[in-house]
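One chain comes next, on its own, written as structure tokens: the form predicted on its own.
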Amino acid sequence: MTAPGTLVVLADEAALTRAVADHFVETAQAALAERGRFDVALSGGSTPKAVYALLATAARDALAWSRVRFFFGDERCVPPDDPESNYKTAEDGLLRPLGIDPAHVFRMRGEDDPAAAARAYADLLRDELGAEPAFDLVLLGMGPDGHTASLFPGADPLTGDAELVRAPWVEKFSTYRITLTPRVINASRSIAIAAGGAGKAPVLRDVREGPYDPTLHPIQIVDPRDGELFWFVDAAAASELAQ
């Protein structure tokens, strides 16, 4: 199969970080010019952490940050001050350095009962974004097992899609996670998937050029209905691609 979206191959991890940060800024500028507001769903992981650092420094004067609202694509079931928390990664690297108003930050409550936290976040999305929530940008990563957000192999990622937000049990880590469903992800006006390193090369090849099996590779479910999709990968991650 040929995976949907535009593939952008960068020389190395630093170039990958710059490209994702540039896409963030360009997408935000367009949304602010058109609608006066930019709604973004953040992700965890090493590449987003580097992107946040770049946005908080080199790009701090590029945007009207007071008109940006921050949501999350998934969260671990931990308190917000836990080192594993996606919120903490964003808070430490982006939100606090930029002095973002806490009223513009909508975190998933990983410290609460997972199912209740998922329902509460779905309600929050409806309140803030409408009955069919649509972000201006969703940032995603891809794990070496083909997972994205907290949609992991072994289960149909469309399970519970109508719920907007789910709290799946992740057998691999013996824990619950909280995650947006494909229904919300694919409603985004723009989706940016970032994947770097040679360890991602085999799964990137399988995801982009192998059979379509989102139960095995959940990231294959990412295909925005009306928006744009970009795959930002470095040369190491792209090393096994045929094209």
Ligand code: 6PG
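For every residue, the number given is its place in the sequence shown, counted from 1. Here the structure is a predicted model, which is why all the values come from computation and not from measurement.
Here the subject shifts to the form predicted in complex with ligand 6PG, a form of this protein not shown in this document.
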property: Residue 45: touches ligand 6PG in the predicted bound form, heavy atom cutoff 4.5 angstroms; result: yes
property: Contact flag, residue 88 vs ligand 6PG in the predicted bound form, heavy atom cut 4.5 Å; result: no
property: Touches ligand 6PG in the predicted bound form: residue 147 (any heavy atom, 4.5 Å); result: yes
property: Distance check, residue 143 to ligand 6PG in the predicted bound form, heavy atom within 4.5 Å; result: yes
property: Per-stretch contact check against ligand 6PG in the predicted bound form, the hit in 96 to 104, 163 to 171, 69 to 77, 129 to 137 (non-hydrogen atom, 4.5 angstroms); result: 69 to 77
property: Residues of 186 to 212 having any heavy atom within 4.5 Å of ligand 6PG in the predicted bound form, listed in sequence order; result: 200
